[in-house]
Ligand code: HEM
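In structure tokens, one chain follows: the form predicted alone.
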């Protein structure tokens, strides 16, 4: 009788190792607002995963209304660390917006079916929690704060 040997843990691709702390699920709460909408609070979950040996991190995100649990926003994509230390982030949002960013700070390309012209995202690890700030520009406003959240790793 042949036995099946479970695969041993395959090492992460070397460019993923510096970001391996992201792998897993993060959950928390955020606040949003914009000059053209009312302020709001939301719950959020991010999930980062990798395929063994591949130089990419898969990313999914979903948000919900805190009071009802009703779904709000979702997006998914890939974080692609480069050997020079930059990170290319490719995200497709449920609203029809597509982003390609380098080093997840500078917006390089925003293609969409809406009024959004520019998005910047800054992620930071703060005392073991994942924090981010999203700024946005539309055809009516310049770059403005839009979202901020603090997430804990599950």
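This is a predicted model, so every value here is computed, not measured. Numbering follows the first chain given and starts at 1.
The discussion below concerns the form predicted together with this ligand, not included here.
Decide open versus blocked for this chain after superposing the C-alphas round the site and placing this ligand the way it sits in the model of the complex; the blocked call needs 3+ ligand atoms within 2.4 Å of backbone or C-beta. After the site C-alphas are aligned, the pocket of the shown chain is open to the transferred ligand.
Listed range touching this ligand, judged in the model of the complex by heavy atoms within 4.5 Å, from 45-53, 81-89, 122-130, 59-67: Contact criterion met by 59-67 only.
Distance check, residue 115 to this ligand in the model of the complex, heavy atom within 4.5 Å: Yes, residue 115 sits close enough to this ligand in the model of the complex that at least one of its heavy atoms falls within 4.5 Å.
Distance check, residue 12 to this ligand in the model of the complex, heavy atom within 4.5 Å: Residue 12: no, not in contact with this ligand in the model of the complex.
This ligand contact in the model of the complex: residue 134, any heavy atom under 4.5 Å: Because a heavy atom of residue 134 falls inside 4.5 Å of this ligand in the model of the complex, the answer is yes.
Check whether residue 93 has any heavy atom within 4.5 Å of a heavy atom of this ligand in the model of the complex, and answer yes or no. Answer yes; at least one heavy atom of residue 93 falls within 4.5 Å of this ligand in the model of the complex.
For a quick check, can you give me the residues of 22-49 that have a heavy atom within 4.5 Å of this ligand in the model of the complex? Residues within 4.5 Å: 34, 36, 37, 40, 42.
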